[in-house]
Ligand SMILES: C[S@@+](CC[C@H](N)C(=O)[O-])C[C@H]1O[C@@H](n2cnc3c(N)ncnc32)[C@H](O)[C@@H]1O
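First, one chain by itself in structure tokens, the form predicted on its own.
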Amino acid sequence: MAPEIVTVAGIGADGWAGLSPLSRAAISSAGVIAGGPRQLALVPAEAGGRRVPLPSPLRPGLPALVGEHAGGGLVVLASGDPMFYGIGATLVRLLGAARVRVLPHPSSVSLAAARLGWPLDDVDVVSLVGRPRELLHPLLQPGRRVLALVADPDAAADVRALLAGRGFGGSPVTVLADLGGPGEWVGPAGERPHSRLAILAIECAVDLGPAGPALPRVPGLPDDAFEHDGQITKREVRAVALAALVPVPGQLLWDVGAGSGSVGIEWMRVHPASRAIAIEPRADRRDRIARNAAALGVPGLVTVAGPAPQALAGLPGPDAVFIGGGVTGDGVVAACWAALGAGGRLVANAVTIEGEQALAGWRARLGGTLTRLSVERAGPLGGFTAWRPALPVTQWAVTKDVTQEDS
């Protein structure tokens, strides 16, 4: 017997009048209509069958909702496009695409772009609905346009404060609220209170000149972009390490002995889907990592307490591992290598002779490349300028192939 199909119908603030004939027909013939109070109120009483609220919390309650009602012709209502930060995507992940029929409606982002005359292919979009506002940080670049979905009447004030703190206080912020509905309003932030259903349109204008607050997405942020106590993989070495780690969107990095968290943070800044776990035994450094992650726009960075290899037990399997220190520690490299699957990358740094010898031994056993990195910076010497060398760093980089999975 074919599995029951769950229909997800997008609906806008214009309600029933704005629906396509296909969506109206699906809702009208539904045995059960599930949705939030706002969506359910937009459907005429005579359309469809029984109304049920969406569970709260949503994700844990969805299996029971589907199990109870899918056999009776279940239609789930969603705001706008169900596959754009919506319940349609959640249901597809839960049930598989074959069991979900999606009937989209224009998203609020599409409506906002239409009202503003902004080409969507040249706009960055972020959802701050139930998510930290710090996610804006990587998108704040001179001259860029950003659309931020919000669900808080104070969101505009909070975002303007964040912009000012980053040197973008002069950026125009436009509120677009209740788009498509009878109460639609578009105007400057702060002109009047806005509803919970809103988008903030930000035109990034810097206060400090074009070189002021810009923080690039490419690896190699300045060291002073991070709060640290000296335990930080320096800028030039960090850029080389990240190039060897190959940050693929959606993949997971273990940053072992994370210190300031700089490598894991830069890994996550490459793409919003990138994930990282920072393993750090010291509580003060874990607190510092969390502050750095929020300030640099990746508040989703996970920190784990404890020393390696003990703290690695039970963690999700990584796609890449960076060991910034501790390569001479008992079992650290072995545990990290064992956790990687085929295609996984491991990069380890050492500054001591003992650490360098350990890396040479691992290279002899597992292959890969050894690179010694020497960096010199110009500094004052009396009334002159001289080069001051930093400690050289030996870096081992290796990719695991299928023949090494059990090694």
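These numbers were taken from a predicted model, which means no experiment stands behind them. Start at 1 and count along the sequence shown; that's the residue number.
Although it is not shown, the form predicted in complex with the ligand is what the next lines describe.
Segment assignment from 259-267, 244-252, 159-167, 67-75: heavy atom within 4.5 Å of the ligand in the model of the complex: Looking at the other structure, the answer is 259-267.
Within 4.5 Å of the ligand in the model of the complex, heavy atoms considered, which of P299, P104, P272, P281? None of the others qualify; the residue that does is P281.
Please pick, from P318, P219, G86, G325, the one residue with any non-hydrogen atom lying within 4.5 angstroms of the ligand in the model of the complex. Of the candidates P318, P219, G86, G325, G325 is the one lying within 4.5 Å of the ligand in the model of the complex.
If we define contact as a non-hydrogen atom of the residue within 4.5 angstroms of the partner, is H194 a contact of the ligand in the model of the complex? H194: no, not in contact with the ligand in the model of the complex.
How about A201: is it within 4.5 Å of the ligand in the model of the complex, going by heavy atoms? No, A201 sits far enough from the ligand in the model of the complex that none of its heavy atoms falls within 4.5 Å.
Find out whether any non-hydrogen atom of P153 is located within 4.5 angstroms of the ligand in the model of the complex, and reply yes or no. No.
How about S127 - does it come within 4.5 Å of the ligand in the model of the complex, if we only consider non-hydrogen atoms? No.
What residues, if any, in 218-243 have a non-hydrogen atom within 4.5 angstroms of the ligand in the model of the complex? Read in sequence order, the residues that approach the ligand (within 4.5 Å, in the model of the complex) are Q231, I232, T233.
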